[in-house]
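Below you'll find only one chain, the form predicted alone, shown as structure tokens.
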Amino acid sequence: MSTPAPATPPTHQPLLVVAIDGTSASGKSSTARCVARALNAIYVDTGAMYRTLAWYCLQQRLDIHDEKAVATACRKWVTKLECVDQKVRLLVGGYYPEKEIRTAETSAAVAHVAAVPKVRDWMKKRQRDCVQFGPLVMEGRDIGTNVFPETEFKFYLDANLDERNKRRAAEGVQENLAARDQRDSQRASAPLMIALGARVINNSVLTLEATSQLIIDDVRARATWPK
């Protein structure tokens, strides 16, 4: 079983979590890493956590379309959170499958695994546990709406579909982004949507640096973020 950790900081302390949500290929990961470095915060890639579970299910030869089997595996696998080089990783049996979670096979499986409601409940708890490591920049699809809805630092990245398709193609990845957007926004558990109070940034014509700077400047302007 996973070792539980204190999930939520004391209520008298400000919640130092920058939530970066958005559509696929909107630059969430690159932007979040850049913002985390600038703010001296811990970077959390929640997508990697779901990928780790997808990889584990494949390793266990589970039917990823069997929600009950996937939920059971998520409840029983042995995991641990660790922070290395200002990045949070989810270990399975003491091992971090860094390369394995980026394979085409894992990528094809992750959407099915991530749609399971009990999986999202489990992931939410682990993701909230990340506050034990310090101020966070966390990117995903439901951070501002579901994982840390109480944070004041919420951002939603998007770009037009043509631009996002070009970005995926440049990465050598073939993916139906329109179908992915529809699937993410229509799932029953924690669908992709703009969080209440989030700043929406369309970066179709913005560079990574420009997108990141908009967020960095916004966060630094808030009185609650450490100077």
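We number the residues from 1 along the sequence you see. Predicted, not measured: the structure shown is a model, and the values here were computed from it.
Below: the form predicted in complex with ligand DC, not depicted.
Ligand DC is not shown here, and in the model of the complex it never comes within 4.5 Å of any heavy atom of K166.
Though the partner is left out of this view, I143 does reach within 4.5 Å of ligand DC in the model of the complex, counting heavy atoms only. By the criterion of a heavy atom within 4.5 Å, A111 is counted among the residues contacting ligand DC in the model of the complex.
Though the partner is left out of this view, R33 does not reach within 4.5 Å of ligand DC in the model of the complex, counting heavy atoms only. Shown without its partner, this chain lists K118, K80, R102, K125 as candidates; in the model of the complex, only R102 has a non-hydrogen atom within 4.5 angstroms of ligand DC.
Contact check at 4.5 Å (heavy atoms) against ligand DC in the model of the complex: none of K154, D158 and N203 pass.
Partner contacts here mean any heavy atom within 4.5 Å of ligand DC in the model of the complex, and among 158 to 166, 40 to 48, 61 to 69, 194 to 202 they occur only in 40 to 48. In the model of the complex, K28 is the single residue of 15 to 43 with at least one heavy atom within 4.5 Å of ligand DC.
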